[in-house]
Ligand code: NAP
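Next up is one chain by itself, shown in structure tokens, the form predicted alone.
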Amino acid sequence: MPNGTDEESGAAMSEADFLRQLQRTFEKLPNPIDLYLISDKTRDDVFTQTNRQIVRAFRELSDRIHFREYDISHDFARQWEVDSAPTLLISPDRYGIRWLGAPAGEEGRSFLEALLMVGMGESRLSEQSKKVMQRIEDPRNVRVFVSPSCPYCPQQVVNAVKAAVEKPGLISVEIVDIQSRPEMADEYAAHSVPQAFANDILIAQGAQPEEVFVSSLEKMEPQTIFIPESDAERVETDLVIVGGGPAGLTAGIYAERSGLKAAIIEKDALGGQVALTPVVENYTGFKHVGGKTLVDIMVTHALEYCQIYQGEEVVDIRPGNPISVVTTRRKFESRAVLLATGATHKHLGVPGETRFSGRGVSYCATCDGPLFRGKRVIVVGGGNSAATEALHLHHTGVDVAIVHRRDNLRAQEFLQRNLRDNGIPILWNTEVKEIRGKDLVEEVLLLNNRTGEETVYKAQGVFLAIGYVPAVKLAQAVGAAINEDGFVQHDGRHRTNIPGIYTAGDVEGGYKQIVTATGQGAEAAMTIFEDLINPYWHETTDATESGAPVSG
């Protein structure tokens, strides 16, 4: 039989196994799941049709799922105070959980988790989160704004649903699809996703670890860190990898294949910047592949080897023997730590950028692009990311132009040719001096750095793709040296100046390519394996004590 047929058969078998496992899971649920779709018979739109298709697929898996559809004019809609369609209610007699739009795309994952939590009648919150939830005594109506193309959104949706299941009489949740309800997104100025509001107060911008979300919900204002009230569960391992991007995922695979026990910790979406890239071109084996698709392949591969702790943030690393790594949920004791923390978006630092973040200023076309369909935006930058973002926005139906401070792009010629072929204009030698508006972005003050002329450019969105800053905060806290370019300094074999602490990927500089990051992750894992067999720092200590010269 040809190889292609074997692979297709294997993939089908894997999907069949997953569906059978899902069926068995639903059969064990103690509670029925009642789904009610409120539709509008005057317009059977794509969101209504998508709801029917998704619910039908789940109903085929289990008779524990019950489904009814009512028109928005029906008394049932008034009973549950539904005033727009389509709206999907999940067991409304027990929980205040509803979808405004449809749980499509990335939200299919969070919809599945919501069904399982409702069927089990359990929130699955950590003990730390439950302690915080116990302190909430007043009602909270939570609205989470999402996009089906946003890989970060499911994490925040699941956080909100957990809260609603934990305190059903007090917490209600509306998941708002910005493509289905753009007018609501405009009303809340939610022009980036995910954003969460409680009682119409902004409590979170971007995805958060579970404990940070419930802390924000309790305090009714955005929180950035959660300190456990007591020691969390203790995990012993050979290697802790901080960061779930290509470097970290690859390191986990190679570490485990070497015989080491590895744990990957990622506070945000797995895949890092790749998960937000609309299209990845010429990654070995793929001429074109969606960034999220590539990430899913990598994560699936890594999960065959090692444990991934997603939604946890590392708050402290204490060198020693063992090295102690404290997260927002637990404590790890490890023989080595690999910092694969990647990089974060660079900021322009101009007036209006911070004020309009999430209100027209965005760093992710994949996440926020659909909200700007039919609107005018600029993409700031001149590299591959800027070109890719502009092309993605253009194909989404956005009127887009590129603003670049030089007279030529750094992007690959293939991307530049695509920009020309699609008629995307480029404003050369131009810099953004200010982003203006009332509640949302309305215009941008531009400066031609050749002529000194200033112009006002009318735009509803500003997408920034001007590069990245290495995420070195943890490295600095642990005492690792930083080089003059701001990256973690290493010896060429990914060792830092702190014994047992290693680095890989964008955080150590070099070429910003996915294939480079994966190679560095593999190299670092093999170095760590060799060092744990024969620790180089013991040799250094012995040589120093004997008076022998120490190189380097």
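Just so you know, these numbers come straight off a predicted model, no measurement behind them. Residue numbers here begin at 1 and follow the sequence given.
Omitted here: the form predicted in complex with the ligand. The next part is about that form.
Shown alone, this chain has one stretch from 383-391, 94-102, 256-264, 141-149 that lies within 4.5 Å of the ligand in the predicted complex by heavy atoms: 383-391. For the candidate set Arg318, Arg406, Arg78, Lys473, a heavy atom within 4.5 Å of the ligand in the predicted complex is found for exactly one residue, namely Arg406. Checked against the ligand in the predicted complex, the residues Ile72, Leu348, Ala189, Leu427 give one hit for a heavy atom within 4.5 Å, which is Leu348. Remark: none of the three candidate residues (Phe18, Ser62 and Gly119) comes within 4.5 Å of the ligand in the predicted complex, counting heavy atoms only.
Contact annotation: Arg330 falls outside 4.5 Å of the ligand in the predicted complex, judged by heavy atom distances.
Residue contact with the ligand in the predicted complex: Gln412 places a heavy atom within 4.5 Å of it. Taking non-hydrogen atoms only, Asn282 approaches the ligand to within 4.5 angstroms in the predicted complex. Using a 4.5 Å cutoff between non-hydrogen atoms, Arg52 does not count as a contact of the ligand in the predicted complex. Taking a 4.5 Å heavy atom cutoff to the ligand in the predicted complex, none of the residues in 110-132 make contact.
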